[in-house]
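Before any questions on how it binds or moves, here is one chain, the form predicted on its own, in C-alpha cells.
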Amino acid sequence: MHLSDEERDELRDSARKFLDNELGSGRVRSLLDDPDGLDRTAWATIAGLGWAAILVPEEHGGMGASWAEMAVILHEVGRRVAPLPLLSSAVLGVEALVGGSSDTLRAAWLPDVAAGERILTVAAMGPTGSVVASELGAVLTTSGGLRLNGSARFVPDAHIADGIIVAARDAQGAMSYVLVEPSAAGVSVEVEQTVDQTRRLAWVRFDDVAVSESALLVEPGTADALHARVTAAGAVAVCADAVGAAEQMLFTSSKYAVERHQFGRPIGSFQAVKHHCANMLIAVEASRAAVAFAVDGLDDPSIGVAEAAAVAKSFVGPACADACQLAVQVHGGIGFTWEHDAHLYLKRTKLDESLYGSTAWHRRRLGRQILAG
C-alpha cells in the first residue's frame, strides 16, 4: 500500500496533533526518570493508530505501507523527541523478520508487533557501536547445538522488549540472526547511561544461551544481506528522527529571534543571529533531501540501500546536531538551562549521529563505493 501525497500530508498532520497533545514537553520530561521511559497508554493509542504496523505486511495484520510513510512518522517523533519504541520494534524488528526466511517467526511475532502488544528490538551493534560483522560481540557456535555467547551494546529498548533479535557471528565471521527472549537463561539486560535521556539503550549479555533452530531468522552464516538491510534501515530511521528534531529547533529559534528584544529591537535583526538561523535552515533542508533519497533507497532496491543510507548518514547526523547547537546559541543564556528544551534536542541528535555507523565510517564506505564505480 502506498499513500498519495495528500494522504501522507494527512498522516503527518494527525501524527503531529497527537504527539503535541499527548507527548508534549511536560510529558516527555516526566518520563526521563521513569524506569521504562515509556508511556504505555500513549503507546497503546499509537498502535491503534497503526504506526507500529506501517511496515508489517498485510497478511500479518499490518498496513503493508512503504518507507515513505514510516519516514513521516519518524520525523514527527523526532520533532517531539518522543520516547517511543518505534525504532526498535516497528523499524528494526519488523525489517529483520520481514527480511528473514522464517515464516514461523513472522506468523508468531508480526501480528502482535503490529498491534503494539509485543515489542521487538535488534541487537545489531558491537562493543564499540560498530555494525561491521567482524566487530560484533555476540558469537553463535553450532557444535553440540546452537549456543550464544558474548554481548551486544547500544540495543534500543531492550529493557522493555519481549524479544531480542541478535546479530551474531561465528568463529569465521559468518553472520546469523537469532531471536531470543530476555527472560531466557543466560540473557541479561543492563540499561546504559547515554547522552540522550529520551531514548534507552541497553547492554545485553549472553552466557551460553541455548538457541533452538526455530529461532533462526535465516540459515546459520547467511545473514550478511539481512544485516546490511537492517542496519541501513536503522541508519535512515535515526536520520529521519534527527531532521524532525532539528526542524523543531529551527522553528523554535526563529520564533524566539522575533519575540526576544535587546537594545530596543528583535535579536533576529542582528547579523550573527540571522546567520545562525540561515545555517540552521540550510542544514535542515539539505538533510531533508538526503533522507528522502535514503528512503527511496529502502523502497526501491535498484537505488542501492547501502549507498542511500551512507549518503544520509554522511551528512544528516552532524548537520542536524550542529543545527541544534546553533539553536542553543540563538536562545542565549536560557538555552543552556535544564528548564529549556534545547538540550533535549541537542542530545537526541548527537545520539542519532552515532548510531548504526559513525559519520566517518559511512563516508569511508561511500568513498570506496564511488571510487569502485
Partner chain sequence: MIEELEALEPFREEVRQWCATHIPKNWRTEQAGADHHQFATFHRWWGSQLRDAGYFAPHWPVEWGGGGFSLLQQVVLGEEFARADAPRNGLYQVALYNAGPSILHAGTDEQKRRFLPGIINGTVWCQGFSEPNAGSDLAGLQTRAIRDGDHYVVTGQKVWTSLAMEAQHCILLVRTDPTAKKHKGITYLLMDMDSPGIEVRPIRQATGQSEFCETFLDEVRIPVENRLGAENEGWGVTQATLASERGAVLIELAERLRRNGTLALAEAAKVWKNDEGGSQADDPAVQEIIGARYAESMALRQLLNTMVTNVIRRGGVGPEASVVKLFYSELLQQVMKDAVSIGGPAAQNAQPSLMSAGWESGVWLYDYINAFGWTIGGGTSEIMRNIIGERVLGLPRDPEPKGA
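Positions refer to the first chain, counted from 1. Note that the coordinates shown come from a computational prediction; the quantities given were computed from them, not determined experimentally.
Heads up, the form predicted in complex with the partner chain isn't pictured, but that's what we're talking about next.
Quiz prompt | in the model of the complex, the residue from Cys277, Leu86, Leu201, Val131 that sits within 4.5 Å of the partner chain by heavy atoms | solution = Flagged contact: Cys277.
Quiz item: Ok, Met63, Val28, Ala342, Val311: which has a heavy atom sitting within 4.5 Å of the partner chain in the model of the complex?
Solution: Exactly one listed residue reaches within 4.5 Å, namely Val311.
Exercise. Give a yes or no for Ala289: in the model of the complex, does one of its heavy atoms lie within 4.5 Å of a heavy atom belonging to the partner chain?
Key: Answer yes; at least one heavy atom of Ala289 falls within 4.5 Å of the partner chain in the model of the complex.
Quiz prompt | Glu307, heavy atom within 4.5 angstroms of the partner chain in the model of the complex | solution = Heavy-atom contact with the partner chain at 4.5 Å: present for Glu307.
Quiz item: For Gly221, is any heavy atom within 4.5 Å of the partner chain in the model of the complex, or not?
Solution: Outside the cut-off, so no.
Quiz item: Would Pro266 show up as a contact with the partner chain in the model of the complex if we use heavy atoms at 4.5 Å?
Solution: Heavy-atom contact with the partner chain at 4.5 Å: present for Pro266.
Practice problem: Have a look at 34-42, 313-321, 331-339, 50-58 and name the one stretch with heavy atoms inside 4.5 Å of the partner chain in the model of the complex. | Solution: Going by heavy atoms within 4.5 Å, the stretch is 313-321.
Practice problem: Give, in sequence order, every residue of 54-88 that has a heavy atom within 4.5 Å of the partner chain in the model of the complex, or say none if there are no such residues. | Solution: None of them.
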